[in-house]
Structure formats: structure tokens, C-alpha cells
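Taking the form predicted on its own, here's one chain by itself in C-alpha cells.
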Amino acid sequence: MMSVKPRLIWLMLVLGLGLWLAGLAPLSAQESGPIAGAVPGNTTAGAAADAELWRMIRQGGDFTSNAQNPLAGRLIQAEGHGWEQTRNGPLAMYSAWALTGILILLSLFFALRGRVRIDAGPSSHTITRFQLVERAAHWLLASSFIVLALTGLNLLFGRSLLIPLIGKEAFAAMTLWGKYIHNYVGFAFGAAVVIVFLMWVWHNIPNLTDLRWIARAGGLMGGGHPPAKKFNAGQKLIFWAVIIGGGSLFASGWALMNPFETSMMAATFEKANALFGLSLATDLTPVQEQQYQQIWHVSVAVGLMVIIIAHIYIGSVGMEGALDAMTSGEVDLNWAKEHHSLWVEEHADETRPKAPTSPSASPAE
């Protein structure tokens, strides 16, 4: 186990990375200043009129056009400037802080708590926790999400972080291929979400046992681990976050891949207005639909990344014996009894050590 001093050094490194990343996020959100030559008037008399015309254009005023497209009379979509400032400013900055924050919290928790050990120590017996098909579905979901997270973070932070390191040409080529990978791997992620849902939904329905587990914080504060079935309350929260968040990511990703063909955000705003008495705009243009979808897609993705980082920590270095469940599928019996005692009782037959096979009797001569 790491000593306290190396853990604190690691914590300081993570904090420094967060400060640097959050500081870089707003760099691409510089406020657009006046455009040189924006007022085309060359005389004092025409300058005021031209300035008023330009002001209407910048505010998204509609003009007359002979084109059939209903948006052809809109020379500038003024909302695009607000979208750019939101995407490159607060969205990027809060995303950087969220991702860095969870790393800091986990590092601090590990520095203070250390690894969660098996109280009774490892036993000489194991119990099957996940079959091969369950592990395959889990790793399909996990691997596709990691690929999507890395390629997505490149789109959000790559210009600020990577161009100074590898140059514009290398960044452009990497981002282009990353976009293709992101789009196609998204279908594997969507399929994995459906498979995992069908396999485990019956094990993740909340019950009174979960309330008792939450009341004791999963045994985090001491007093032993509370009883749990195959999945405890914490794992159920992660399950539903992945299913709901993953489904939303796939839907918004589909809308972004097929621009101007969906109106999901307008429909969502309409339902939110009816349920919560809000006054969100529902008459959205196709361009506005895409802008809201992109903001939503990034927000949900970053939120899910924060949850998955915590899940990865608990399932690997954070807890002794947990990783075995998704590698070999066999977990230590003492670990299972401590963390999922009710599930072990349901599979009592599998916990009994098998009697050694006796050699076949030789026929009497």
C-alpha cells in the first residue's frame, strides 16, 4: 500500500492538473470584438443607417429572400454566438473542474482510507459472480465508452491542449479520424447499453434493502458492510445512470449525426414547460436544435464520465477482490459474504466446497 506522503504528492499533482486544465478551457472563448470595416458606409450621412442595418443583422433580424428555404432570410444566426461562448466558456470550464474534482476526491479518499480490504481475509473458495456473456457485455460497454470519452474530450479540449504540443496539422488529422471513430463506436455503445439493460434490469429494481444500505453508507463509516443482493444500492445507482444517461447520449448523438432531421429538444422543452411550469422556447429552428443537442450531449457525457471514473476506482484499486468479478468471473467467498451476503445466501449450493472425487473401485478378483 502507498504511504501517506506519496499519496499526498499524487493529490497535489492532480490538483495542479485541474487548475491548468480549467485555466485553458476559457482560452477559446474570447469575446468577439468589432469587425474591422463592419460598417460599410463611406459618408457621414450613410454611416448611421449602415450601422443600424448591421445591428439588425447581428441581432438575427429577418430579411426578404427569393430562396425557398425559410431560413434564407436570416443572414446571421445570432444564437450561434451565445452557443459558442457557452460551449467554449462555462461548459468547458465546468467540465474540466468536474473531471478534475472527482480525481481529487478519489485521491483524497485513497490517501485517508486506503484500499477497502476483505475483513476476514481471502478464503480458499470462490463463487461464480458473472458468466462469460455478462462479462463480455460489460467490457463492450466499458471499452466503447472509454473510446467515446477520449475522442469526445479531444473535441472539447483538444484545440487548447494538443495544438501547442503536436501542431495544427497533426491535430487536424487526429481529430478527423477521432470523429469517425466516435461516430461508429457510438453504435457499439448503444448496443451494449441495451444488452446490459436486458441482462441486469431485474437485479437493479430498488427495494427496502437498498434504503438500509444507503442509511449505513454502504459500511463506509464502519460497522461492517450492510446486507445486499447481487447489486447493492450504489451499484444500482450506477446502473440506472448508465442506462438513462447512455440512452440519452445515443439519442442526442444520433441527432448530431443527422442534423436538421429531429426536434427532440423542442419536444423536451414542451414537456418540461407542462410538468414544471417553465417558459422554455419550443419554436426552435433546426440550427438551434443542433446547438442545444450539442450542449446536452457534452453535459451528459461529462456527468457520466465522473460516475464511471468513480466506478473504475472502486472496481480496481479501491477495493480488494472486486476486479475478479469482471476478469475471471469468480470472486472470493469471504468478499462475497461481506459485500453481497443476501446474494450468497440465494446461491448457498455454489458456496459449498465440492467433495474430492474418489478413485473408482477396482473389481474384485
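Note that this is a predicted model, so its numbers are computed, not measured. Residues carry their position along the shown sequence, with the first being 1.
Just so it is clear, the following notes concern the form predicted in complex with a small molecule, a form of the same protein that is not shown.
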Is it the case that G152, Q294 and V300 all touch the small molecule in the predicted complex, with a non-hydrogen atom of each within 4.5 angstroms?
no
Of these, W213, F269, F171, W200, which has a heavy atom no more than 4.5 Å from the small molecule in the predicted complex?
W200
Can you pick the one in W97, F157, F109, F239 that has a heavy atom within 4.5 Å of the small molecule in the predicted complex?
F239
Choose one stretch from 178-186, 255-263, 115-123, 132-140: the one whose residues place a heavy atom within 4.5 angstroms of the small molecule in the predicted complex.
132-140
Taking the small molecule as it sits in the predicted complex, is N88 in contact with it (heavy atom to heavy atom, 4.5 Å or less)?
no
Indicate whether the small molecule has at least one heavy atom within 4.5 Å of a heavy atom of A325 in the predicted complex.
yes
Check I312 for me: does it contact the small molecule in the predicted complex (non-hydrogen atoms, 4.5 angstroms)?
yes
K337, heavy atom within 4.5 angstroms of the small molecule in the predicted complex
no
